[in-house]
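For reference, the chain that follows is the form predicted on its own, supplied as structure tokens.
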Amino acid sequence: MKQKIEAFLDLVRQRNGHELEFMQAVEEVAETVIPYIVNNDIYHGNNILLRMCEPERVISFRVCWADDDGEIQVNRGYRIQMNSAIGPYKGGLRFHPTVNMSILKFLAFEQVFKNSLTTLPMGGGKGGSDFNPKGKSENEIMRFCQAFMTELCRHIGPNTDIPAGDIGVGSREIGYLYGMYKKLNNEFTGVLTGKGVTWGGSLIRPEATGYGTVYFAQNMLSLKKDSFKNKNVVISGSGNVAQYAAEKAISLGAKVLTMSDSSGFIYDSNGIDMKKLEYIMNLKNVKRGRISEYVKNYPKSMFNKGEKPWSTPCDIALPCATQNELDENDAKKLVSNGCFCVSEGANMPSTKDAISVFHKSKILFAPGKASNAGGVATSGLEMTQNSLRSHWSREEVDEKLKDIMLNIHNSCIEYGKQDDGYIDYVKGANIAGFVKVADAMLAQGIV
């Protein structure tokens, strides 16, 4: 079996060997899915997984915009339309200086499996730009978003490709992008998700990824007759996902000890309660400040400059920042300090070696393609509301989100339960996500 897996990976490396993040994502899937393919004749010999590794379409374009000094700036824009077997392409837009083809392809590839797991009719895609919103004025961000959409609008549509937000693309950017799309196409349509509630958005959408991450962890804990109550929780990040993961964990009775950004992390031994979290939300979302400023307002806390929070003793860890933020040494520290549950809020935040540590230690570990699927699931619910010209209450959307996360959890158990009773959620998520897409691709022929 190892030879079959390596032969497959060699084929993918011939075209994509320089794209490290993409190859990391493909390798993780191949190791669990190829044995399943070999044991199921319906998939064997059809090169389904190889076809899933090749994007249906890759779009790269120039984005020219004028800064406040009148200087012309040039950025690169991208859209990876990965797979549309079960629905229109669906996935976020990321604005960050690290954005490149490898990162977007890995995100799009993961998105295919994640969207499949939700059971909603959504294919996988991803896009973005190397534009950095940090330090830019409101007008500069608006001009960039309008220039970006001027080209992107040719390639998206409510039944073709429905982008959403991601790192660097929040409600402000979605508003500017949607306004330009509406102007260019002269129609009010559900072509972007994450919209404002007053103009086609869904309640719970901003909270959904963070809430879903906690709901998934809650489902894992419930199998062990356990819960978040009185647990110490360590969270990385302080953006949208981290904020609402913290909010939901606190509401379930947990003590949140840390949050972070690229400058370092804060540790509050008394716990970050709702009032303190409100301060962080205002600091990050309104003032666009750094997490280090938290210590000025709460002097009993500590700021650890340039460090990650994984050395902090905890029961539950929620990595909610970015890819590959948690490595093998970090994983060993977490396990040795008593952590027994990890639920990924970011996309692929744990390295392959870190995941190996978690599996060897037999702790509960949820991969991002399963545990952070709440965001895209609620985007799917927003698409449904747009199509129905309807609007659901907060309670209705939250209940649907809980049901979707429970169904994803159950699918992971179906394909990931081992002979000794341990649940390999990585294997379960990969196979469950693969089966739905593969069946659709077989039914639609070689296209």
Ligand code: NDP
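The first residue of the shown sequence is 1; numbering continues from there. This is a predicted model, so every value here is computed, not measured.
This protein has a second form, the form predicted together with this ligand, left out of what is shown; the following refers to that one.
Listed stretches are 230-238, 184-192, 151-159, 335-343; the contact stretch with this ligand in the model of the complex is 230-238, by a heavy atom cutoff of 4.5 Å. Within 4.5 Å of any heavy atom of this ligand in the model of the complex lies no heavy atom of N297. At the 4.5 Å threshold, heavy atoms of R76 stay clear of this ligand in the model of the complex, well away from it. Within this chain, K284 lines the site of this ligand in the model of the complex, having a heavy atom no more than 4.5 Å away. This ligand is not shown here, but in the model of the complex it comes within 4.5 Å of a heavy atom of D261. Among A321, I280, I174, L120, the residue placing a heavy atom within 4.5 Å of this ligand in the model of the complex is A321.
For the options H96, K352, H359, K136, the one in contact with this ligand in the model of the complex, meaning a heavy atom within 4.5 Å, is H96. The partner is not shown here, but in the model of the complex the stretch 191-215 reaches within 4.5 angstroms of this ligand through a heavy atom at R205, T209.
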